[in-house]
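Okay, so here's just one chain, in structure tokens, the form predicted on its own.
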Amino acid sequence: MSERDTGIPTSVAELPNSEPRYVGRPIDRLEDPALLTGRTQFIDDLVLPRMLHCAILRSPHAHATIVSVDTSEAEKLPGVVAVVTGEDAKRWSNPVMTVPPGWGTHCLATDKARFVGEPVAAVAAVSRYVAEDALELIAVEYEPLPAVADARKALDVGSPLVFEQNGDNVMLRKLFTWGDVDGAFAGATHVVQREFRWNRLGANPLETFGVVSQWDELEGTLTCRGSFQAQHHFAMARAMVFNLPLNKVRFIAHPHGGSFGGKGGARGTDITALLSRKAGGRPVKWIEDRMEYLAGGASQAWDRHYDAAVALDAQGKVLGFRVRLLDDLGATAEGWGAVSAAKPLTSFTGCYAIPAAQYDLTIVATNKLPGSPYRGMGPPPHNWVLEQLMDLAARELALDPAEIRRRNFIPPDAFPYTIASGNEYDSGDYAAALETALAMADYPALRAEQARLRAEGRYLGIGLVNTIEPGVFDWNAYAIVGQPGTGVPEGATVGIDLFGKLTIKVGFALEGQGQYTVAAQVLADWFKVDIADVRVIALDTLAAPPHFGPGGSRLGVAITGAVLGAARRLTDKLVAVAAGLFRTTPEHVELRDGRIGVKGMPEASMPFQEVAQTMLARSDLLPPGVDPNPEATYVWTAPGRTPADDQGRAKSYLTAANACHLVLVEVDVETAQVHIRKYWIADDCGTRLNPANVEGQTQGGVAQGVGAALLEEAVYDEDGQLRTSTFMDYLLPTIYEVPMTEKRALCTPSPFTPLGAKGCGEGAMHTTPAAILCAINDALVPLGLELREVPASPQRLWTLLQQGKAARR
């Protein structure tokens, strides 16, 4: 089924409005007045009657048997109401579901601790201060065990086992082969092969995770309020953990900021739920502090070792692409981190028409914090590897980096295009993005400037990278790591009140991307009303239509489809009523420019608001089968998704936005500092529903990409102790490191989506790290050096430069 079968427009021109005022324009965000005036209620602002506060005792050991836990002294402290341990977790809950299955634990450690920061016990008290003091009174006897913190050592026979019952530390091992890969490499004129290392990093929102959980002992229900990115998903998981019917679990997502995967507070939610149950149903609040977040939260992703190669013919055409990935997921598979290793299948060969490819994937457990999702999920490291190989190949063939990309792009007339790993790209013109970026930067002049400054002993580098941003995710892409299902719903209910105003009810909380504004823009243009006449309301999991919320560059497209689908259904109801009033049949009636009337007879029409008022106030005039409710619900999901075959091939992500980033850096070879001098972006995400939103998402993604490329790294020692547990050690970019980019928009509308829009929330994170690192290596060419480990921190780069000096002596 396509959008056309549902009556959802696939272009702005198909809206029932001759002069749309909002879609496609940089409308001021409806969300901002409350944010800017401090009136938005975040979770830590919430105070409930008789509320208690939670503090969590965490393991200091990466791997240790728990011999005993004595909470008796803590329970005696005045103000302490409840204390829970692993025994309570075993009594009242199940281990959390994992992907892949079989690698999970309870929310509190039971038999042993598997990573530093794992919760061991927790206290609910009248204040956080009392709860923290009580933690000091809990006596835990540990018997330390050997730990494994290196993914390669975790594969060794005799390595410490994170889960003894599983026999080894391999969570998943699978070889995917698409096409004649051996033949491609055997027949190649050139083969470029390298090893690469991407170290752990992750989301660092200003607001960490927070939750208030409350049991109702009479009703047997659980209510949780918190900074949930995907509240329905959280609720389903809690129903499974606590053996509750889903309709007895109510989740209320509060506005929150900067999630990007970092709001995975499943353990904190379950622990506060246990404490509330033990405290007789009093609400229990837990606000994760920064050190808890860095050591025990959802702050780490992408701990990877790559061995990759491309095979090329004499003209620089890529014939085959091989990737061997060893992915360190940490102690459990509880946080959907394995999905990050599966997502590269959706854009495995990037912008290039590479006919054969192979992915040798191994995911292992170690005694480190479990990996979590992070913006972009998995392709950013993969893109860096592919784009670096393209640059290396260009050097071997004496081609310009732009030229080797031109020779390998998927041509614009080939869309929709199915890549070797099975996903379908909807549309695009990659050469146009490249040429636009080159023109913006005046690329020939840039190269000339580089040559001139090199002659003066300065090391400038140019990074030129084209990537795909898979958008509008579907679960079917993740079957290979054990996540079942096809389809990700996003619902909206659209209604008209007695005074003609419009309300949209959705199931996701404010997260900062401006999606309420997008929903209002779309509906305002559908009915041709002022955007001020539209209000967007977020509902909880039991009140909202089926929903998922933000994630996987999907929400802008998905909520547009949901709102348009609901508007279409509501319009059909209005048309049926109006047809009766006009003494005709519905097929002769239409909505156009905010009025409902007989087709071809402008004088026989009335404002849609009057039809809605008829429904609400004159039920005697309604035709049979039409209820007196001018409201409709539609639940949208991406059409045409297919189950994955045994090699993981599937139509998965609905859209394929693309971008070309061109960056100029200068490497100071004495201090190892990298200075980003200029940055240009040409990007294509189809129809821009609100260009201001895209601008903000892109610039924010660049900031995260700069951090990934140059600074951010979660460092563990060989015993599994985290060495970067504060922002003194884990370095984030500031405004001084992040350049303001020069951007230009291209548009190849998606033929498959509502209004032709494509997912765009993660795009710059897909591209920026690769662009900066390619630029650094371009700068190092005269020195004969290659940096193949991320981030390019000053220490790492300085060490490489010193090694280069020593080798040249």
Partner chain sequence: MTVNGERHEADVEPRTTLVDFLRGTLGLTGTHVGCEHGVCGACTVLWNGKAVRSCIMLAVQADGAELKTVEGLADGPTLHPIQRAFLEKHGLQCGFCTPGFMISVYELLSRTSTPTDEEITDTLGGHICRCTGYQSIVEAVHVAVEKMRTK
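Positions refer to the first chain, counted from 1. Remember, it's a predicted structure, so these values are computed and weren't measured experimentally.
Below, we turn to the form predicted together with its partner chain, even though it does not appear here.
Listed residues Asp88, Glu666, Asp133, Asp168 were compared with its partner chain in the model of the complex; Asp133 is the one with a heavy atom within 4.5 Å. Taking His256, Arg267, Arg688, Arg238 one by one, only a single residue has any non-hydrogen atom within 4.5 Å of its partner chain in the model of the complex, and it is His256. Considering its partner chain in the model of the complex, the lone stretch of 772-780, 61-69, 745-753, 29-37 in range is 29-37 [heavy atom distance within 4.5 Å].
Interface residue remark: Arg406 is not counted as part of the site for its partner chain in the model of the complex, having no heavy atom within 4.5 Å.
At the 4.5 Å threshold, heavy atoms of Gln515 stay clear of its partner chain in the model of the complex, well away from it.
Its partner chain is not drawn, but in the model of the complex it has no heavy atom within 4.5 Å of Lys248. Its partner chain is not drawn, but in the model of the complex it has no heavy atom within 4.5 Å of Ser93. For the partner-free chain shown, Gln697, Gln699, Gly700, Ala703, Gln704, Glu712 of 697-718 come within 4.5 angstroms of its partner chain in the model of the complex, judged by any non-hydrogen atom.
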